[in-house]
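Next up: a single chain in structure tokens, the form predicted on its own.
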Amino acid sequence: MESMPARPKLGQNFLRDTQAVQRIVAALGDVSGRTVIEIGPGRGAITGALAARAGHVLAIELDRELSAGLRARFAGGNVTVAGQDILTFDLASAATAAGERLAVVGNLPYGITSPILLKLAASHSALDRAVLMVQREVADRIVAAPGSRDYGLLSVTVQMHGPVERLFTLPPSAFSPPPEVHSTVFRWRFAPRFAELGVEEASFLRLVRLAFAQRRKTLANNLRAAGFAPGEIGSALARADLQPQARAEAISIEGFAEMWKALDAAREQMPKAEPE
């Protein structure tokens, strides 16, 4: 497998640090008898360690040469290789087939990290936990707290779908070929907070996107540009105990929930148009 050429254009930087491989797999916890989804297994460094611990490994690899090599290497074992794009792969059907919520592991390609994270968030009902490796700067945004420069739309979106924790960071030398950046492994437990906070998922996330539309602008200005009336915005800020000049990066998830409730209530109280 080591003779397989790397294709940096596909974001393929293969993990070669065997100790890191074991730490990643161990971070999943007990997966004996369980199905684990591996995103982008590449040459199979993590796949082999997973196969020794999990009941079934479903490896999603888009590259045809790599997927063929994986099938040959793990033939007759507990590894199934799907030559598909994770962005279109049906995680809900895989969970139904497994009869359980799935664990996920993966060294995510840098170029499509955010789309993959959004895919996993949208599939939260099918997932139990994930241990993922991403560019360090992306991990900084994922785990960021309100008030920090890294806190933003990605932070709120991921954290609304469950708690995250940074595990460890690897240097470029841990990969072949070495990338130009460090990579961080983090753990994500899928436990959405929408019901707990009393908000509707789609419209709440839409509000957060509007709030972070232009980071240099105040929250009020972003909401005004999105069509909210000054009175609605003022009520929302007051309910969330925020100053008029507050910016989105200073607002906690709980604060966004209070704002959503105020804005939703304002919309509900608007007079309905009479039918013609």
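Numbers for residues come from their place in the sequence shown, where the first is 1. Quantities reported herein were computed from a predicted structural model and do not represent experimental measurements.
Heads up, the form predicted together with S-adenosylmethionine isn't pictured, but that's what we're talking about next.
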Exercise for review: Tell me whether 222, 251 and 259, taken together, all sit within 4.5 Å of S-adenosylmethionine in the predicted bound form, counting heavy atoms only.
Suggested key: no
Check your understanding: Since the chain is shown here on its own, which stretch among 25-33, 206-214, 41-49, 226-234 would lie within 4.5 Å of S-adenosylmethionine in the predicted bound form, judged by heavy atoms?
Key -> 41-49
Revision key, fill the gap. The one option of 173, 84, 93, 125 with any heavy atom within 4.5 Å of S-adenosylmethionine in the predicted bound form is 84
**Study point:** Selected contact from 154, 112, 121, 185, since only one has a non-hydrogen atom within 4.5 angstroms of S-adenosylmethionine in the predicted bound form
**Key:** 112
**Study point:** Partner contact for residue 58 in the predicted bound form: S-adenosylmethionine, 4.5 angstroms, heavy atom
**Key:** no
Check your understanding: Any of the heavy atoms of residue 54 lying within 4.5 Å of S-adenosylmethionine in the predicted bound form?
Key -> no
Practice item. Determine whether any heavy atom of residue 20 comes within 4.5 Å of a heavy atom of S-adenosylmethionine in the predicted bound form, and answer yes or no. Key: no
Review point. Can any non-hydrogen atom of residue 62 be found within 4.5 angstroms of S-adenosylmethionine in the predicted bound form?
Key: yes
